[in-house]
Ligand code: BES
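What follows is one chain in structure tokens, specifically the form predicted on its own.
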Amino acid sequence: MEQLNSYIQSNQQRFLDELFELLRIPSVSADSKFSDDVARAAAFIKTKLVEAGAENVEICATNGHPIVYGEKIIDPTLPTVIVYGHYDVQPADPYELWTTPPFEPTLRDGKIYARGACDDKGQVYMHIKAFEAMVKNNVLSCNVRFMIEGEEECGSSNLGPWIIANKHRLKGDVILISDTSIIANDIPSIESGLRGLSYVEVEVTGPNRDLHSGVYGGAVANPIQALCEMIASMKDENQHITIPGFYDTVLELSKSEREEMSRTPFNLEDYKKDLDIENVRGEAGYSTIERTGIRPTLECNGIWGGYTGEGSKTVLPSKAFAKISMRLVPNQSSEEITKLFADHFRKVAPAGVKVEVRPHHGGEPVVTPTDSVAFKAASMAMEETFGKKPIPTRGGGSIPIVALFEKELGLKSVLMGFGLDSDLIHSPNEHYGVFNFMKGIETIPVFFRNYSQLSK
């Protein structure tokens, strides 16, 4: 591996320059005005896969944004690793909160600041460069298939149909994903589970038009106030979600499992200081790590209605809106939870308003085995490159397609990410450490070597 590592180090600046090119493309999948840019990002990924040595590379059309596929089959008798990632990014709004423009990557204090730097362009590009290094140095020890999509940030709604239609070329042994984080740069970890997701938008309608708040205020239901009351009623004083049936299928961890989880390094004071909060808040009876890893949640992601422009406008609005997400844990079904929410939300609506609930997207929770050959290969790889054995953790986020891969392809995933929780993904000033980017490129080939050897 010495020659390989020398290649990686000597090409570090080129790798970063190429990543910066990709980061300059505003591939926001959720906003149609960026559709051409999403297509440009797909074309960039295709070009770099070809340059790295992949074969049969193509941009596969879907009913939405395309999927980039490529492969390198060196020996059909060897194990095949399917690398999944996404080249689309979250919206950068609000732009004014960025220190530097979100689509003009900037290097400060060893960190790359840009939308998508960590989630997921920086992490998916590690795989392309690690693959290039293995091919150029003739040390590729497994077959590889790349499946890099452009809709992860808006629900991956077209990935499932594409997978079903392309099962014949998605034969493999494991899915390798880098879209997660480690505890710290000196405390490596591998996520062994992810929460599911139910995401909805709600609309509350009162009168058939905006009204003068002096003429009608106090006599007609205000949709904004009604919506706020409804959202507030979703949790009790212990931050327990009040939707009937919400917890019925939740998989409770045993005392020993919770004790094992509590050994994960965590400093509550540092956590509060980083977020500039006086105290944490969450479901009573659970620690912060448990609340963000093994417990379901309900959060209001956005709320709007009425007049929000400059100055005043004394209006009683006709409508109010909110976006609400629920993170789910093993045994919960996104479809069932969405229905439970919709039924309950309509039920708690006060007189004088009408309610509409529009499901956006969802995904199922997953737990990945820590005793599999692939997990062991990843653990050994991180132990070699970080100098410490990684800690298995439960991720609070959601990657809905992990459950989809298991259902449609019968394959488990390894969640070997290199980001940090402090990288501000989905927020202004998202960033990704050069250390983490290069450490990923260094570690991925070791995973391939270990996986090939352990699979014999």
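Numbering starts at 1 and follows the sequence shown. Values in this document were obtained by computation on a predicted structure and should not be read as measured data.
This next part talks about the form predicted in complex with the ligand, which is not shown.
- Checking K72, R291, H361, H344 for any heavy atom within 4.5 Å of the ligand in the predicted complex turns up a single hit: H361.
- Comment: the ligand is not present in this chain, but in the predicted complex one of R327, K111, R145, K319 has a heavy atom within 4.5 Å of it, namely R327.
- In the predicted complex, the ligand sits beyond 4.5 Å of every heavy atom of P26.
- Contact check for G155: a non-hydrogen atom falls within 4.5 Å of the ligand in the predicted complex.
- Although the partner is absent here, S413 lies well away from the ligand in the predicted complex, with no heavy atom inside 4.5 Å.
- In the predicted complex, the ligand lies within 4.5 Å of some heavy atom of I399.
- With the partner left out here, the ligand still marks one of 405-413, 423-431, 56-64, 38-46 in the predicted complex; by a 4.5 Å heavy atom cut-off that stretch is 423-431.
- Taken together, T180, E191 and L197 are fully in contact with the ligand in the predicted complex: each brings a heavy atom within 4.5 Å.
- With contact defined as any non-hydrogen atom lying within 4.5 angstroms of the ligand in the predicted complex, D119 is the only contacting residue in 97-127.
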